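The form predicted on its own is given below as one chain in structure tokens.
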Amino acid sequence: MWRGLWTLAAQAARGPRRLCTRRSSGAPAPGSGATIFALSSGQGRCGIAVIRTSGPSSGHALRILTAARDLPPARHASLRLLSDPRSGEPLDRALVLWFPGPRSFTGEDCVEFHVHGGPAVVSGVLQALGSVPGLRPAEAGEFTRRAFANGKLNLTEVEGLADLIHAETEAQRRQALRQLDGELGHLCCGWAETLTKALAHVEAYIDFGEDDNLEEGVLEQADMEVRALEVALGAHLRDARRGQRLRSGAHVVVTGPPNAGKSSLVNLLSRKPVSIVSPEPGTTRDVLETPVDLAGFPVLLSDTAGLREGVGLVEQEGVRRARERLEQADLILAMLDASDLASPSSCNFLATVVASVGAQSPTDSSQRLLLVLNKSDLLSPKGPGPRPDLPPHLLLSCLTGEGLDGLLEALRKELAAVCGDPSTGSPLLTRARHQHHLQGCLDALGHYKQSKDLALAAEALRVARGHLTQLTGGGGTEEILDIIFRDFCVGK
């Protein structure tokens, strides 16, 4: 009985049977069949430059440039003299590596030339490869696209590779490695298998509902699996913004009354003179932004105008932009002068900005705030401390640097909450595309629960599974693939 049921499962899936099994995506790489070549290491002078080829003529190109009858042992570095096939002139003495397909990055025959990194050497080897019949320069991202087309990487792993190449902070590197290792793809694979089982149960009931041999509780089992999957999808969608912040950077806004030390803090955190620092109130009149690495997390740090009733049109516009940027912040660094807490501007700032953010319900999507009392060096060591009715705060002196370590540790904890910890927990959703397909899957499961007709319920499960398939690259359109691979450099 159950053997027939799993036959139905294969029929019901109507798509790739197992997302976690890497197969050819069915999406041909641009100009597939040709052999491509490109410089894979960075441009400019360097000790070693890596030039790679991929395609059926890779072995032929290696023989021509090394004037050798036999190819070197596979996956072993060999020292060879490279010569121009047109003139026979020596180009360089290089290490060459031969990777016969399918055991290569792209799944095709590949060669790597490790040459000296001078521009003349690199240019000479590239021109020599261009003269070999059947070889052409690679397009941006074409090596990775061939790896995807040949089933070496699924689409989430491709995105992880792109993120790893562009990673600038420790947290971004960790997250990209997890995605490149296939954690998100494997998670979607498990969800797709759950939907395949549920779909098999529903199809079995449709076809064998009147058969006494059908075990009881088939539909109830499908309903239970769908409910559990709904919970898992909902949890990941609630965390969706965290992964996107980790990839593109959390927005941290420094705000406060004039002369609280906002520009000094921005310069201190960015370790460069981003903002003009002056004792004159209202020096900063526009939003100044700089990308920084704070405690291993990517951050877009914004210095804003001091919040007060502007004395001129330009300052009024600066204050308006500051309030607008404040609403967009993921994390607010609220600055006050520790020696001037009783002033009207400080009291008004506490009553409006600090109190309003503190009154928000603590959810993953709510803004977070750190209250920083600057100029602690002006406080008398024997005098009373700050007002006892203040919210939780940190003491800092931008002049002496005292309190900076405590602020950085507090920032690390807040940014971990805003961006998520890339080292632990479930893999994060780092792109809007991931959120779109998981939301589509969840919506389809909602239609399944509402369907009174079993045929419509089965179709809803197919739609839900289709979204998971597209997330990992099955059935993706060429337009989506073009956008993703466009972000790669030539040679990757």
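Just count from 1 along the sequence shown to find any residue number. Just so you know, these numbers come straight off a predicted model, no measurement behind them.
Keep in mind that the form predicted together with a small molecule is not shown, yet the notes after this line are about it.
Checked against the small molecule in the model of the complex, the candidates L177, C347, I165, L378 yield a single residue with a heavy atom inside 4.5 Å, and that residue is L378. Among the residues G185, G306, G160, P422, the one placing a heavy atom within 4.5 Å of the small molecule in the model of the complex is G306. Only one segment in the set 396 to 404, 231 to 239, 217 to 225, 127 to 135 has any non-hydrogen atom within 4.5 angstroms of the small molecule in the model of the complex, and it is 396 to 404. Among residues of the shown chain, S87 is not one whose heavy atoms approach the small molecule to within 4.5 Å in the model of the complex.
Contact between S263 and the small molecule in the model of the complex is found at the 4.5 Å heavy atom cutoff. Of the heavy atoms in N259, some are within 4.5 Å of the small molecule in the model of the complex.
Within 4.5 Å of some heavy atom of the small molecule in the model of the complex lies at least one heavy atom of I276.
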